[in-house]
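This document starts with one chain, in the form predicted on its own, laid out as structure tokens.
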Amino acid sequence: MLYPQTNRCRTVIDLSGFWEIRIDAESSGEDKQWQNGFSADAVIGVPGSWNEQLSELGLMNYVGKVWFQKRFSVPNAFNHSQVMLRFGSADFHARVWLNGAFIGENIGGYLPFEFEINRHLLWDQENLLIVCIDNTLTHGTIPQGVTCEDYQSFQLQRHQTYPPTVFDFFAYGGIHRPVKLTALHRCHLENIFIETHIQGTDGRIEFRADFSECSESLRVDVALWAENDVIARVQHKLKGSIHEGRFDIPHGQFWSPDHPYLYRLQFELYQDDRLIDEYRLPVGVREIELKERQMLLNGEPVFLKGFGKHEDFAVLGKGLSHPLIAKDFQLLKWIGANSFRTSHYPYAEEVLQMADRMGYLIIVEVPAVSLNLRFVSETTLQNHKRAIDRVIERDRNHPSVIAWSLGNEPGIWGEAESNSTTADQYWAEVFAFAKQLDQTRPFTLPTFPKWQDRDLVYKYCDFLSINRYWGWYEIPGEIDKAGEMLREELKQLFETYHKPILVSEFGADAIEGLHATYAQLFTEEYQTALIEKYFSVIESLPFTIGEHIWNFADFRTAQHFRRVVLNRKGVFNRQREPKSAAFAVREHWKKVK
């Protein structure tokens, strides 16, 4: 599924803006025929979460169904095109109707889905688009849901949140990324798959282009652009629906954080010398590999300096905001970071586009966060694999994406099933499935301390990722001892598995303006000192490949007595203002190459 693009042959209409909603707390809207239209409770901004945006309507902690409706018209020119309706994401279950006709549904959040809508469109009057979104999660969904009874069964009532969640971020509901109409020729390019390789000073781009089924004899032209010049071009008759090819680039320019150079592939589809479709794809030529305890980018060692992040901001919730993306990348540049992980789900495509342009190294994470192996079923497994498939298909062409994370902190409740033969089979199948989809990037999965060096996922990871909070959740207040514990565990893990290690989370909550002259939790000084201690340990060991602070910025969580509205481990607050730690990190990372 290609990202929507307006060009000579494609037209995109963005349906973002104000929509009408109706709350369906009794889950009776479909029986009441709301799919044919409804009287609205309120107006909502799309993209955006309903929670903070409409908290006055009781939606802050609402879990259930909300109906959305939007009226739109299409230009007459669309009448001769194939029209696709595309949602960038809707969390977590969406059912869609157009002019009263059911056109499809999508299960799972954070990823795009689309439908062809020609036969349901009205050309001479307004169209009515209805979407029912349900943010309820279950044991079979990815991410998983949790109930009050689950907390009781584990005797973990003190861990219970409101609304109940198994993960430590807010389960926002809504249409979180743009809704777009795309008009294109019925014979068109459907997908592109890119691989790049480097041999000495020469580069190579291999591509596969998938086309819709067309009976006509068509010609495909593929041009490789460098800046404003075409440096190579190939032309072929299209046979079937797949076209493969390659470009060799003598003395190529290679993509890296210091030089994020992007070539451009331009695909053109001709019918009897008439252009009927085109698509332009930025391409960064680069290679990533693990070798001799190091991560290598284009054959050179790279050390990951960065963060775990969240798509989270006041009022917007998880709604896409171009200004916020631009701000965050400027702060990443200011502080000296070169990377981040899309914890704990795939971020908007626009985030990766910015990372490509600015030269940031991204670990993209599948939304299998805090997976409870007691509750997994065949449904859970299939949803997990489906999410992996969709994430890799969407993001594999981005040079900024250097690794895949297949989840985060499984077995966090300490259930015995997480260290069982059944769990081992589950992870073996998940990793094997993922590695069939992409052989060009390494795979990992961040863990927490419960299972120490016995965590089952380690043997399947290409590099280890560990989330550790010595000095915060464990042995709080004892910074020196925290450093010792971290050092010993890192050494033990490497001795056991002989794989490079990324410390993918570490940090401490800090409330801006709270200070102390001694080691006091929640002060800005404590957060700074603990981060600096972790830096000293991580950077002293030859098998570590990076340090990702948790977190880039404060973010909302479900309600719990551990959280004062937000998780406050950000080195920036939720408004992106720096805490003391941000300045210390900036000074330190200036010295770390």
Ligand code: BDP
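Quick note: we count residues from 1 along the sequence shown, nothing fancier. These numbers come from a predicted model, not from an experiment.
Beyond what is shown, the protein has a form predicted together with this ligand; the following relates to that form.
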Worksheet item: So which of 276-284, 403-411, 518-526, 178-186 is the stretch with heavy atoms within 4.5 Å of this ligand in the predicted bound form?
Response: 403-411
Fill in: 4.5 angstroms heavy atom contact with this ligand in the predicted bound form for Asp150
no
Worksheet item: Contact between His560 and this ligand in the predicted bound form at 4.5 Å, heavy atoms?
Response: no
Worksheet entry | Contact label in the predicted bound form: Phe555 to this ligand, heavy atom within 4.5 Å | yes
Fill in: 4.5 Å heavy atom contact, Asn467 to this ligand in the predicted bound form
yes
Item to complete: Taking 4.5 Å between heavy atoms as the contact cutoff, choose which of Trp123, Tyr473, Phe102, Trp334 touches this ligand in the predicted bound form.
Response: Tyr473
Worksheet entry | Contact residue in the predicted bound form, chosen from Lys305, His344, Arg95, Arg441 - any heavy atom within 4.5 Å of this ligand | His344
Worksheet item: Relative to this ligand in the predicted bound form, which residues of 427-451 have a heavy atom no more than 4.5 Å away?
Response: none
